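First, one chain by itself: the form predicted alone, in structure tokens.
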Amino acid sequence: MLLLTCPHCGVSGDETEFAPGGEAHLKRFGPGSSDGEFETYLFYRRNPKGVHFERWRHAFGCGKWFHAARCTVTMEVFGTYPADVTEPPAELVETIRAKRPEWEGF
């Protein structure tokens, strides 16, 4: 079971309090994008074994979106942060690298 903390209101709870929203930090293409770029955006997602960044919404709380970093193997949540950033906070990346030195991410 995932235990998440909303970075907006500070409420912690299990995953049933939150709604998943898929992979975080996707590059969205504008109206002038090619068919291939649009197809990639719609249908292609990473499915890593290990560290993964996801979007979540505090469905039964403040209703705001946020991002979570977690391990898909152990279900360990490394941390959460607001969704209005383009990449994970440096402190979170350092935390992940300390726990998973082999990780090659951001």
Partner chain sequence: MAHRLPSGGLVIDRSKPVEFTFNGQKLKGFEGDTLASALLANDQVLLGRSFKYHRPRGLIASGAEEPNALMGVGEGPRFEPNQRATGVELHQGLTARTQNHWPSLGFDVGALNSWIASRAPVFSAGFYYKTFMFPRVAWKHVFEPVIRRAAGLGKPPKEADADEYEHFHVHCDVLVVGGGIAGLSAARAAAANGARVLICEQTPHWGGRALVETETQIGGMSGADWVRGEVTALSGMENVTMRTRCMTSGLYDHGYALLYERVADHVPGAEGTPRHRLWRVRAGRIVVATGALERPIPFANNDVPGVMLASAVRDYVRLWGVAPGEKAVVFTTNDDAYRTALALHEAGVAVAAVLDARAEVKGELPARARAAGIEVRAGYGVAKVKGGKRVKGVEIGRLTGMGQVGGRREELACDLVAMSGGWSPVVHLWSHCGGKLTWDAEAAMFRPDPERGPTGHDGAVNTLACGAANGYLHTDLCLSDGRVAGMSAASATGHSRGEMPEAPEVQAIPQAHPRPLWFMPARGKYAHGTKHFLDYQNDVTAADVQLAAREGYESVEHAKRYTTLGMATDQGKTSNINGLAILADQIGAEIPQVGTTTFRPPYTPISFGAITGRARGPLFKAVRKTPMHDRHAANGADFEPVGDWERPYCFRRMTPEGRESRAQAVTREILNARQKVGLLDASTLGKIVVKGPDAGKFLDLVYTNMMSTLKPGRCRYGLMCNENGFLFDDGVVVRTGEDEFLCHTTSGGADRVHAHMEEWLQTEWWDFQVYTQQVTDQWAQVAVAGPNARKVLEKLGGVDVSDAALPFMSYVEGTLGGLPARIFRISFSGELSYEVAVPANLGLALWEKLAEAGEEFGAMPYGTEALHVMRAEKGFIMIGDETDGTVTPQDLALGWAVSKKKADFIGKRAQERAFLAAKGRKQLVGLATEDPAEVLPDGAHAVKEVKAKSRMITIGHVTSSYFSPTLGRSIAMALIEGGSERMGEVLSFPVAKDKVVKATVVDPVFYDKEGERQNV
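Note that the structure is predicted; figures quoted are calculated from it, not measured. Numbering follows the first chain given and starts at 1.
Form predicted together with the partner chain: not shown, discussed below.
**Student:** Just to confirm, residue 94 within 4.5 Å of the partner chain in the predicted bound form by heavy atoms?
**Tutor:** Although the partner chain is absent here, residue 94 would stay clear of it in the predicted bound form, with no heavy atoms inside 4.5 Å.
**Student:** Going by a heavy atom distance of 4.5 Å, is residue 81 a contact of the partner chain in the predicted bound form?
**Tutor:** The answer is no: residue 81 has no heavy atom within 4.5 Å of the partner chain.
**Student:** Look up in the predicted bound form whether residue 9 has a non-hydrogen atom within 4.5 angstroms of the partner chain, and give yes or no.
**Tutor:** No.
**Student:** Answer with yes or no whether residue 85 is in contact with the partner chain in the predicted bound form, where contact means some heavy atom within 4.5 Å.
**Tutor:** Answer yes; at least one heavy atom of residue 85 falls within 4.5 Å of the partner chain in the predicted bound form.
**Student:** Do any residues of 34 to 57 have a non-hydrogen atom within 4.5 angstroms of the partner chain in the predicted bound form? If so, which ones, in sequence order?
**Tutor:** 34, 35, 38, 39, 41, 42, 43, 55, 57 sit within 4.5 Å of the partner.
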